[in-house]
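Below, in structure tokens: the form predicted alone, a single chain.
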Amino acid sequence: MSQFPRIRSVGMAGLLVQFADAMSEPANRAALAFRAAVDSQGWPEVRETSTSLVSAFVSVDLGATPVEALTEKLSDLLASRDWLDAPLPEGRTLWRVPTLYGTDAAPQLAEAAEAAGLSPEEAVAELSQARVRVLTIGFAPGQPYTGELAEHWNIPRQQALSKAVPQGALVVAIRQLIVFTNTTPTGWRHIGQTAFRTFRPDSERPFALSPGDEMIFHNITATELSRIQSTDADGDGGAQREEIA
């Protein structure tokens, strides 16, 4: 009998529903779909919900709500369908983000390509056409972990940290791509540069992305990136949006 899905308490803050103990597309799909289903129930005791790679968190004051009562509600909802095969939630967006690959702006493209068994040209061709899902938001405000790339992109993080990659850096490891929110040291390899800002504190919508959104990082020239950086006013960095559900 599978040990998943599994419900666990998180102190007095709420309950965590886990669909796996490691990242997989079905488990991420399940977490996203289950969170949307919880939101649609309109349960008055639920303060907010969120997701990680393979889990959904339901925030409830367990000092005011018996844990058994919420566990029963969540168990009934879990039993209502196969969440690993659930459709993704509605209201998602496809983002097409202009990206400069390689050059001095993203100096680890060749190193990452070699780790994936590709030439730099092959790597750019694959990465610029890949359509990846925002698996979760974390580490920094609005910062997306996206994936999953093909298996040969299951490359490890570096043994040593890069001292800093800039805001908007596109980095890769373990079949995932990240767009960095701020200048940050990292063990992920810097392969592309965007002008996309994931966190916009002065905006009505500070987090540009939501889990379940999808992204394509299409290839542009250094001249195009420079033009976008000099004219971008909204933080989209020249990205185009398309409603997909």
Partner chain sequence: MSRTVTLASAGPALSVQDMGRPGFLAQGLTRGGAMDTLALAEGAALLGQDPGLAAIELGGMGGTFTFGEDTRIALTGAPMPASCDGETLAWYASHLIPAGAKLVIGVAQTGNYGYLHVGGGIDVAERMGARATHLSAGLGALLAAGDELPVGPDKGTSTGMTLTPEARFDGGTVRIVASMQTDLFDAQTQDQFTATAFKRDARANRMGVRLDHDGPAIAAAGQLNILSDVIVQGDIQVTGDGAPFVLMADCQTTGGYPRIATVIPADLPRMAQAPAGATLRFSFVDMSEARAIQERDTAARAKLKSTLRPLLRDPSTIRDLLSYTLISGVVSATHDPYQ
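Quantities reported herein were computed from a predicted structural model and do not represent experimental measurements. Residue numbers count along the first chain shown, from 1.
If you look for the form predicted in complex with its partner chain, you will not find it shown, but the lines that follow are about it.
Undergrad: With heavy atoms only and a cut-off of 4.5 Å, decide whether residue 80 touches its partner chain in the predicted bound form.
TA: No.
Undergrad: Could you confirm whether residue 222 comes within 4.5 Å of its partner chain in the predicted bound form, counting heavy atoms only?
TA: No.
Undergrad: Is residue 43 near its partner chain? Define near as a heavy atom within 4.5 Å, in the predicted bound form.
TA: Result no; residue 43 lies far from its partner chain in the predicted bound form.
Undergrad: Even though its partner chain is not shown here, does residue 54 get within 4.5 Å of it in the predicted bound form, heavy atoms only?
TA: Yes, residue 54 lies within 4.5 Å of its partner chain in the predicted bound form.
Undergrad: Quick one: of 138, 166, 120, 107, which gets a non-hydrogen atom within 4.5 angstroms of its partner chain in the predicted bound form?
TA: Checked against the cut-off, the match is 138.
Undergrad: Only one of 95-103, 81-89, 156-164, 120-128 has heavy atoms within 4.5 Å of its partner chain in the predicted bound form; I'd like to know which.
TA: Within 4.5 Å of the partner lies stretch 156-164.
Undergrad: Counting only heavy atoms, which residues in 22-58 are within 4.5 Å of its partner chain in the predicted bound form?
TA: Result: 22, 23, 35, 48, 49, 50, 52, 53, 54, 55, 57.
Undergrad: Would one find the Cα atoms of residue 139 and residue 61 closer or farther in the predicted bound form than in this form, where their distance changes by 3 Å or more?
TA: Compared with the shown chain, residue 139-residue 61 is closer in the predicted bound form.
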